[in-house]
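Okay, so here's just one chain, in structure tokens, the form predicted on its own.
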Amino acid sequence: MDSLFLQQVVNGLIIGSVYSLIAIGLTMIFGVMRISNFAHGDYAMVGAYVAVFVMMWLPGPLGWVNALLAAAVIVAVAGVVSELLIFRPLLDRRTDIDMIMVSIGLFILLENLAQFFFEARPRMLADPFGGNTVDLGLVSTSQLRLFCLAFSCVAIAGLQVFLNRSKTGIAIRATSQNSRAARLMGIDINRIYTLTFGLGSAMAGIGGVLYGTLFAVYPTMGAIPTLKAFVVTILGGMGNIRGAIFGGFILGVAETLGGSYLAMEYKNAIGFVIIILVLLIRPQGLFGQREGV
């Protein structure tokens, strides 16, 4: 098999794991609260800037891991605050356009605040592994990229275990399937909403650190992860976490192969071509829409 093809597949899986991580947070929030949050990618941007400052004080592999954990916590708190102050007041009297416009307004606000405080100059996260590479036979990649893939998979697996095995995770799934029935069973719906928004934001924060590690960190970087997350969510099926996981990997591989065999200029267009094809052939997504997560 062509080594270039295998190399691009590996690169696509690494990038796709980051897409999946960010998209899972988006599809969780949609599945439970029916909110299409267009500011979701900017939570990833906030997480990336958290990593920038953490790694200034604590460089190296330990600093990078601590940056991931700090981003998860800080972005989760930011998500909880925005849910309580911005989205919660609209839940009982909302229309879809209300939520869309509010989330777009939040998206613009976060980007402008980031430009005001951090300036427009892109920043690079230092490679904590010193640029070391790993030879896997026909393909090779950096230790940093392998750790990004591994950390994404661990975070995704941890979330799946939490949702399927813990009492709180089961309550989240029950609320996503039928919030009225969940309320009758004694589940605090408002608490579940807040927890879901915080958890989804934390996943975006971790994804933002990994995205910034692979590419660059700048105030408007949240636009691309937002678009990718919506592509993955539609591709896999709205509200379907399994669909978001596989959809992210599919998009990552499709983009890297397209950029390699066609041209890099077309890379971002590939996702939208895939969306159009999926909506024409299978509108419910490759894995089907689900009532809940």
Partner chain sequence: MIKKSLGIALFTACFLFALCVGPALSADSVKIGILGPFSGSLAFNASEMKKGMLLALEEVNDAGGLFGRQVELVYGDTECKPDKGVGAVKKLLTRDEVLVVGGGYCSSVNIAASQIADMEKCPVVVAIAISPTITNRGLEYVFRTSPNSPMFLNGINQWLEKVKQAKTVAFFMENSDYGRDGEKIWSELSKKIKAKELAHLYFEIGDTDFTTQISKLKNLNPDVTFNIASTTEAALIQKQAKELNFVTQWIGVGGQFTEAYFKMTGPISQYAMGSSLEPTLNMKSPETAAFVEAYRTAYPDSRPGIFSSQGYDNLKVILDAVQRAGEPTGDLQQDREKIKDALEKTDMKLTQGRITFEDDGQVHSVVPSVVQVQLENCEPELRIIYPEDRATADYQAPQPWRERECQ
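Numbering follows the first chain given and starts at 1. Values in this document were obtained by computation on a predicted structure and should not be read as measured data.
This next part talks about the form predicted in complex with the partner chain, which is not shown.
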| property | result |
| --- | --- |
| is_contact(S142, the partner chain) in the model of the complex, heavy atom dist at most 4.5 Å | yes |
| Contact test in the model of the complex: K267 vs the partner chain, heavy atoms, 4.5 Å | yes |
| Partner contact for I224 in the model of the complex: the partner chain, 4.5 angstroms, heavy atom | yes |
| Distance check, S152 to the partner chain in the model of the complex, heavy atom within 4.5 Å | no |
| Selected contact from V73, A157, L84, A216, since only one has a non-hydrogen atom within 4.5 angstroms of the partner chain in the model of the complex | A216 |
